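One chain follows as structure tokens, the form predicted alone.
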């Protein structure tokens, strides 16, 4: 389970990411819309693909399944998943951007390093609407901490929207009672509930 994180993704030192002027204008507009109750910029509002790393910040469990050539992340929100190619390719191969992108991984000691490209710019990085271009490169470094939590250090490189590469950190805790079940997001909307539930 993700440990509670604020709606706004920040750098590891707690600051706002180094946005370009264009990106800052987009972000401020989205923050204002969100305060006014309009979250239409966030695709999860209507159960569409949340993208990366947005799905990691949602209050749902995920499961990791690994084999020799792949690592799969099965997310509890509306059946979303992603597969990381562990076959040894240095760069992900893709034809067009998608919401979850295309990932390759490798082990550096006890750290799983995942590089993702081809992330469609229709998604946001966080619930507040942090933007990115479809040229963004996301590098994750996942490792188990001594206390048993999983740490993911995210490096975001996107010269169109950020003046420099920046790093964020999210952590996850094991929950023996959590289950990745059959979640049907449109059913919640039909019942008048939000597409993304509050933190449990």
Partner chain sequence: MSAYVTKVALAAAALALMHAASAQPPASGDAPSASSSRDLHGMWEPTRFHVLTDAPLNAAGEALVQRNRAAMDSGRIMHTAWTSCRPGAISSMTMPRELIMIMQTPREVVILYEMPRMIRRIELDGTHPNDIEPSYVGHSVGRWEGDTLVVESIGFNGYGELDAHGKPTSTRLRTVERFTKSADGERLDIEITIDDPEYYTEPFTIHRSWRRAEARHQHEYDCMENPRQEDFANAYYVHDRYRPTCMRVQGEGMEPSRMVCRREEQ
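Numbering follows the first chain given and starts at 1. Note that the rigid core is defined as the largest set of C-alphas that superpose within 1.5 Å between two forms. Just so we're clear, the structure is a prediction, and the values are computed from it rather than from any experiment.
Separately, the form predicted together with the partner chain exists; it is not shown, and the next lines address it.
- Scanning 29, 63, 157, 134 against the partner chain in the predicted bound form with a 4.5 Å heavy atom cut-off leaves one residue, 63.
- Contact check for residue 187: a heavy atom falls within 4.5 Å of the partner chain in the predicted bound form.
- Proximity of residue 103 to the partner chain in the predicted bound form: non-hydrogen atoms within 4.5 Å are present.
- Although the partner is absent here, residue 112 is a contact residue: one of its heavy atoms lies within 4.5 angstroms of the partner chain in the predicted bound form.
- Put simply, residue 67 is close to the partner chain in the predicted bound form: some heavy atom of it is within 4.5 Å.
- Using a 4.5 Å cut-off on any heavy atom, the residues of 131-154 that reach the partner chain in the predicted bound form are, in sequence order, 142, 143, 144, 150.
- Remark: with the core as the superposition reference, the CA shift of residue 178 between this form and the one not shown reaches 2 Å or more.
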